[in-house]
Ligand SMILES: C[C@@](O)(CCOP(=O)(O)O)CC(=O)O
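Here we start with a single chain on its own, the form predicted alone, put down as structure tokens.
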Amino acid sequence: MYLTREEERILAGEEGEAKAKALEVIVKVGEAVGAERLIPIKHAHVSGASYMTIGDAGLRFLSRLAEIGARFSVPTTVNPVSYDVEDPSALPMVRLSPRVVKAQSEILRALEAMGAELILTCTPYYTEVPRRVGLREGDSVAWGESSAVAYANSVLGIHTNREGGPLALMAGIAGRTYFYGAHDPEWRKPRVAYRLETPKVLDETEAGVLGEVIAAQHRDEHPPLLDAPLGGEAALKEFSAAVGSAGSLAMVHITGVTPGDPGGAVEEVVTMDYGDLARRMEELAPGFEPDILYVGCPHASIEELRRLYRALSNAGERAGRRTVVSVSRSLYLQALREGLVERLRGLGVRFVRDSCLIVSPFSSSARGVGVATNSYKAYFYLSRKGVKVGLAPIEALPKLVS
């Protein structure tokens, strides 16, 4: 791999042991995939920050990095953690052990010591961070959250590979990543197109199921081109989360959404029928009365909160009391200013900030519990942990409670 003189100097340890080790990891991974050079990044978003997912090994790894003086070279933000750090009791059906609280606190202290901004959300694109960092179409970043990766490439036109949590961490310290995959304009040119024949615009739940279908069918190494009407911000978020959870796609070029000309030459067109999507929706629909109505995987948008309020306002009290929303701290503050938090809390809604039902201890406490959600990603992960899950759009969720 070609390295600049500055990169050689960093590798030689002239900017410290931690930065040298981080760059060494980036170079080795880059060489393994055939990258010929490195590129600077403007931002890193680190996943794998929850103690429930990285355990003691991850805690020791992060603590050791902080001890040897590791510091992020670019603005770096962090994914959700095990619980709401200001209200640990916010999670439903969870009794946090002192050990989990202590370990999670140590993880956050280590990341903060390295210079991370603890936004604790899987939707960094809904925060002020992109504006403050000055992220623009075509910029390269290193994001570790799969749903945010697909959203960045497909909706924002920001370039990032689907990094593992440790690799995004190393890229943030090194300030660089390897030039490969989504950073390469040639890779971003689709060769296979998917066209959905549908009589309607897809809501967020249908968009998530479509993401499952695309992830299962697409085998080309280049991203797919999709021609389908995804209805609004929540549908784009849930579609991105679905292709990242049901598969490993880092990007889908969505006609009318993804910035720029896709370029290249499409070699194959796959036509899909809405009827197939509708049948899969029926399979995933709740066939039970849910104990929890869940919105916010990935963390909820302000538009989802507005829709949820309208839907719950026309429902009985029991539906509100069973509703859980996970949301970023910054969007919670925006909703607070709009009066949405007060109104939703007045209907009995429980807010979880900094965390969610996926990366918290919820799933280990809630086997057999019935959850209805508008999120395919939540369905995908919770159902694999023994939670009974059904899918329905926000407007249909309150109607499931008698």
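Note that the structure is a prediction, hence the values are computed from the model and not measured. Numbers follow the displayed sequence, beginning with 1.
Below, we turn to the form predicted in complex with the named molecule, even though it does not appear here.
S.K.: With the partner removed from view, which of 214 to 222, 141 to 149, 277 to 285, 259 to 267 is the stretch that lies within 4.5 Å of the named molecule in the predicted bound form, judged by heavy atom distances?
M.R.: It is the stretch 141 to 149.
S.K.: Classify residue 79 as contacting or not contacting the named molecule in the predicted bound form by the rule of any non-hydrogen atom within 4.5 angstroms, answering yes or no.
M.R.: It does: once the named molecule is placed as it appears in the predicted bound form, residue 79 has a heavy atom within 4.5 Å of it.
S.K.: Using the partner position in the predicted bound form, report whether residue 47 sits within 4.5 Å of the named molecule, counting heavy atoms only.
M.R.: So residue 47 counts as contacting the named molecule.
S.K.: Does residue 372 make contact with the named molecule in the predicted bound form, using a 4.5 Å heavy atom cut-off?
M.R.: No, residue 372 sits far enough from the named molecule in the predicted bound form that none of its heavy atoms falls within 4.5 Å.
S.K.: Might residue 53 be said to contact the named molecule in the predicted bound form, defining contact as any heavy atom within 4.5 Å?
M.R.: Close contact exists here: in the predicted bound form, residue 53 approaches the named molecule to within 4.5 Å, heavy atoms only.
S.K.: Identify which of 359, 62, 41, 352 has a heavy atom within 4.5 Å of the named molecule in the predicted bound form; exactly one of them does.
M.R.: Looking at 359, 62, 41, 352 one by one, just 359 meets the 4.5 Å heavy-atom criterion.
S.K.: Does any residue in 371 to 390 get within 4.5 Å of the named molecule in the predicted bound form, counting heavy atoms only, and if so which ones?
M.R.: The stretch touches the partner through 377, 381.
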